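Below you'll find only one chain, the form predicted alone, shown as structure tokens.
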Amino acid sequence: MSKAATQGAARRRGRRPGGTDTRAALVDAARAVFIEQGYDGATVRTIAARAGVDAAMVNHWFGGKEGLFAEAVLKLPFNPKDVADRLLDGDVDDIGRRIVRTFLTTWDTTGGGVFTALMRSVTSHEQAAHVLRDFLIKHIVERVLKSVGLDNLEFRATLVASQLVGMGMVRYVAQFEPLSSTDIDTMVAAVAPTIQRYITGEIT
């Protein structure tokens, strides 16, 4: 087989120069673009250009933008159960502080990460809203509250989620100052008491 034919075959298999896997490059590029622009703002052409591949590779590997969004954003990069277990490791009266610190530490290390992509996309992509809701409420907050044994479980869990989503929106998406650059310790001190009241305090 000629050199040109060999290179053509490699491109058809979705390989980039240097042996980098095209599929992985597209997922990484898509995650970055979805974080920056949300589902509606991101285009296949922009994602492909960021990955350094032909736009046709998106259809080849994922069937289009929808499939790429599912792979890059809707698959969470960690196990929610592990997060819930860490939150339960300690005094019940300090859960609010652990929740705020855990989420801010996780988000800050990635500039908001996939959560920013989800939050930018919830108004235009129904599945993004489902994933964000299930992640925060069902798989983490409700799991924590069930272990504590509280009443009004769903209401309390939704209140906690509303605080976390609002904090994430302001800090990473809207980037309102000074909140977007406030240090984590200060944020924990300011927000945790409200979340703690939602969990263990009187709410009715």
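Residue numbers here begin at 1 and follow the sequence given. What we label the rigid core is the largest C-alpha set whose atoms superpose within 1.5 Å from one form to the other. Here the structure is a predicted model, which is why all the values come from computation and not from measurement.
Only in words, not in the display: the form predicted in complex with a further copy of the same chain, which the text now covers.
Participant: Could you tell me which one of Ser162, Asn59, Ser147, Thr43 places a heavy atom within 4.5 Å of a further copy of the same chain in the model of the complex?
Facilitator: Looking at Ser162, Asn59, Ser147, Thr43 one by one, just Ser162 meets the 4.5 Å heavy-atom criterion.
Participant: Check whether Gln196 has any heavy atom within 4.5 Å of a heavy atom of a further copy of the same chain in the model of the complex, and answer yes or no.
Facilitator: No - in the model of the complex, heavy atoms of Gln196 and a further copy of the same chain never come within 4.5 Å of each other.
Participant: Does any part of Thr105 reach within 4.5 Å of a further copy of the same chain in the model of the complex? Heavy atoms only, please.
Facilitator: Thr105: no, not in contact with a further copy of the same chain in the model of the complex.
Participant: Could you confirm whether Gly166 comes within 4.5 Å of a further copy of the same chain in the model of the complex, counting heavy atoms only?
Facilitator: So Gly166 counts as contacting a further copy of the same chain.
Participant: In the model of the complex, is there a heavy atom of a further copy of the same chain that lies within 4.5 Å of any heavy atom of Ala24, even though the partner is absent here?
Facilitator: The answer is no: Ala24 has no heavy atom within 4.5 Å of a further copy of the same chain.
Participant: Judged by heavy atoms and a 4.5 Å cut-off, are Arg120, Glu154 and Ala174 together in contact with a further copy of the same chain in the model of the complex?
Facilitator: Every listed residue reaches a further copy of the same chain in the model of the complex, so yes.
Participant: Could you tell me which of 33 to 41, 64 to 72, 174 to 182, 47 to 55 sits within 4.5 Å of a further copy of the same chain in the model of the complex, going by non-hydrogen atoms?
Facilitator: Result for this chain: 174 to 182.
Participant: Could you list the residues in 40 to 68 that come within 4.5 Å of a further copy of the same chain in the model of the complex, counting only heavy atoms and keeping sequence order?
Facilitator: Contacting residues: none.
Participant: Would the C-alpha of Asp94 be classed as shifted by 2 Å or more between this form and the one not shown after rigid-core alignment?
Facilitator: No; that C-alpha moves by less than 2 Å between this form and the one not shown.
Participant: Once you overlay the rigid core, does the Cα of Phe135 travel 2 Å or further between this form and the one not shown?
Facilitator: Yes, because once the rigid core is superposed, the C-alpha of Phe135 moves 2 Å or more between this form and the one not shown.
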